[in-house]
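Only one chain is included here, represented as structure tokens and corresponding to the form predicted on its own.
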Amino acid sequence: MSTLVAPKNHFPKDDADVLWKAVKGWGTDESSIIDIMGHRNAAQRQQIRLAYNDIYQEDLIKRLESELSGDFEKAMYRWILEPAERYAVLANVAIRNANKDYHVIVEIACVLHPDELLSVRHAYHNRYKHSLEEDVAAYTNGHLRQLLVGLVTSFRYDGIEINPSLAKFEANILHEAIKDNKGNLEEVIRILSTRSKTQLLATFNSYRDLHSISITKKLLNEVSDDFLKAVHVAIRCLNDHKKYYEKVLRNALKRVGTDEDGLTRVVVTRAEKDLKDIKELYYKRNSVHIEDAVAKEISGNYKRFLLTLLGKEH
């Protein structure tokens, strides 16, 4: 469930006027910006952008980029973008990151609905004048490249039908392939990038039944090179993305020095989808409300904005 609290009656021109007053002249009224943008859904935010451009003849996003700074600016920028464009930006940043955030590419490919992923690929192409798969391939190699390209170009069947015998058969294929990282890794890539999520869930369940261990735990026991790490993330996202995102939040807040990129990514991408469910999982796992953990680790307008998206006003 969504944590976003957006009004049913919305007047884009009035919001555009408030935002213009917040950024004109010396100083910036960050509170007004948060009050408006932190309570508008994706469609409403796009209407505000159009109204602002029509009235004041400037791009709202570019204006806010020039007025805001730091993690607050980054979070606001990604929040205002249309969802497919936001994922395109996240993918591009991850691809070009010197630390190689392959897990972000895997998240996008494995969590989104097939139609959503296709929209992201179109948005990426329009924004960067390259295809997503072209850039993924340019920055990777070997089996990791094959896996990532396979995932981002996948258009999975979205039905509920499963084949139990196939699930058992492919569970054994996965077991042999990842054992000591010496098996047929192309088969791992084929299975993860072509099967429906429903079929894959049946395969993962069969793996646990046949081998008395979950496939994710088995992967943790193996030597973790970049390929196996990406396989592990893919399976976690395909199996239960809410639990995966809870762990991203947990790691972001409990590490030495907050991972603001991970924190921002989960909050802005899930606030209109299932962030409430992820919050509940976080509390069950950590006995601490995510809002309290966020308030403790970050500060300023960045904190106020994320808490607004989390559904807690301050």
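Residue positions are given as counts along the sequence shown, with the first one as 1. Because the structure is a prediction, the values reported are computed rather than measured.
The form predicted in complex with a further copy of the same chain exists for this protein as well; it is not shown, and the discussion that follows is about that form.
- Every member of the trio 115, 157 and 187 reaches a further copy of the same chain in the predicted complex with some non-hydrogen atom inside 4.5 Å.
- Site annotation in the predicted complex: the residue of 146, 206, 216, 239 reaching within 4.5 Å of a further copy of the same chain with a heavy atom is 146.
- Distance criterion of 4.5 Å from any heavy atom to a further copy of the same chain in the predicted complex singles out 194 from the list 172, 224, 194, 198.
- Between 101 to 109, 121 to 129, 225 to 233, 77 to 85, the stretch whose residues reach within 4.5 angstroms of a further copy of the same chain in the predicted complex through a non-hydrogen atom is 121 to 129.
- Mapping the unseen interface onto this chain, residue 134 counts among the residues with a heavy atom inside 4.5 Å of a further copy of the same chain in the predicted complex.
- Heavy atoms of residue 138 reach within 4.5 Å of a further copy of the same chain in the predicted complex, making it an interface residue.
- Interface residue remark: residue 153 is counted as part of the site for a further copy of the same chain in the predicted complex, having a heavy atom within 4.5 Å.
- Residues from 277 to 312 do not approach a further copy of the same chain in the predicted complex: none has a non-hydrogen atom within 4.5 Å of it.
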